[in-house]
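Only one chain is included here, represented as structure tokens and corresponding to the form predicted alone.
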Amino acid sequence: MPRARFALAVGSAALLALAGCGTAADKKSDTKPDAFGCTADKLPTLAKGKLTFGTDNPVYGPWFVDNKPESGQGFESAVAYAVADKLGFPKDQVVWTRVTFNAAIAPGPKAYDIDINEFSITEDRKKAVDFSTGYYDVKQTVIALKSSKIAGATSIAALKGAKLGAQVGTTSYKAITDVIKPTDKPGVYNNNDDAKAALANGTLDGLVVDLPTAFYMTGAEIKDSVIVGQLPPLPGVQQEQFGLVLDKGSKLTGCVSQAVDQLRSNGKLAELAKQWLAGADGARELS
């Protein structure tokens, strides 16, 4: 949501439009691990001896299970604990705090050490916050009710006359405006629950979310819905990636990226993706 853009809006469509700018794949760390070392006893975390993760409320599957990030269940919860373990924080030394999507990437002091919530790495966002290296390659996807006029669409051109929507401030919204470019103004929603309701009641012809979220919504949440297809990357973006968010200039950024890189190289990220995001490769490509 799954789940862009900007000036770090605070929940309004108008600000979103300004916010959503180009996404950039970021497979290399911007910063090196800090000189003080990447061990729990030396990392300057908000709470001594604890690692504080932030995420939204609610959070959704398959990224989290039952809105309980502390459970370790769901892809992003599992990734958070795997990163924490690499940094030397066992599960009982990891704490969670709830931060809204837009607040998490707004400039200023943070209530978390690391935030995880399907944040695509973008150049605009990097002006306000740090990102770790990417932990997941993502594609945006259109879903619709089986009764929708776009349910059988096989091309982007077939979507241009549709009323589409997405969560505010997301790359999903940018995919509508920059890739599909519909004739009708897109619907913008504060969260995916509102967007799902709009799809279900016919306000929208289609909803854009990331691919794993699309599988979860169509399979478990929205009755009689289908995946229409996957969208190509945003203009100028080779591969959209999710990254962990940290405060701008955080001393933890290099260490967190190092941990993510280790989890990628030893196969742990692929293992977790297979466990929690299985089946996310079967939707047709729209062009």
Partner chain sequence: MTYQPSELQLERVAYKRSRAVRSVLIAAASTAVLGTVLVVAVTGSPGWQKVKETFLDLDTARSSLPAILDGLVLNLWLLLFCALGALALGLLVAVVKTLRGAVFFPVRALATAYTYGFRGMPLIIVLYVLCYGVPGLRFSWTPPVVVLGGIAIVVTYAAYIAEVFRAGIESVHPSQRAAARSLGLTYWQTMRHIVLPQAVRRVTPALLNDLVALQKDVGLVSIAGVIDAVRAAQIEVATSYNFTPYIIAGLIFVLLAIPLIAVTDWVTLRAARRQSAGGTS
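These figures come from a predicted structure and were not determined experimentally. Numbering follows the first chain given and starts at 1.
Beyond what is shown, the protein has a form predicted in complex with the partner chain; the following relates to that form.
Trainee: Is there a heavy atom of E76 lying 4.5 Å or less from a heavy atom of the partner chain in the predicted bound form?
Mentor: Judged by the heavy-atom cut-off of 4.5 Å, E76 is well away from the partner chain in the predicted bound form.
Trainee: With heavy atoms only and a cut-off of 4.5 Å, decide whether N102 touches the partner chain in the predicted bound form.
Mentor: Contact check for N102: yes, within 4.5 Å of the partner chain in the predicted bound form.
Trainee: Taking heavy atoms only, is Q93 within 4.5 angstroms of the partner chain in the predicted bound form?
Mentor: No, Q93 sits far enough from the partner chain in the predicted bound form that none of its heavy atoms falls within 4.5 Å.
Trainee: Mark D124 yes when one of its heavy atoms lies within 4.5 Å of a heavy atom of the partner chain in the predicted bound form, and no otherwise.
Mentor: Contact check for D124: yes, within 4.5 Å of the partner chain in the predicted bound form.
Trainee: Which of these residues, A158, A151, A111, A198, gets a heavy atom within 4.5 Å of the partner chain in the predicted bound form?
Mentor: Comparing distances to the partner chain in the predicted bound form, the residue within 4.5 Å is A198.
Trainee: Could you spot which one of A144, V209, V168, I176 gets a heavy atom to within 4.5 Å of the partner chain in the predicted bound form?
Mentor: After the contact test, the surviving option is V168.
Trainee: Flag this candidate site as yes only if F119, Y189 and T203 all have a heavy atom within 4.5 Å of the partner chain in the predicted bound form; otherwise mark no.
Mentor: Contact check passed for all of F119, Y189 and T203.
Trainee: Of 85-93, 127-135, 209-217, 67-75, which is the one stretch near the partner chain in the predicted bound form, taking non-hydrogen atoms within 4.5 angstroms as near?
Mentor: Going through the listed ranges, the match is 127-135.
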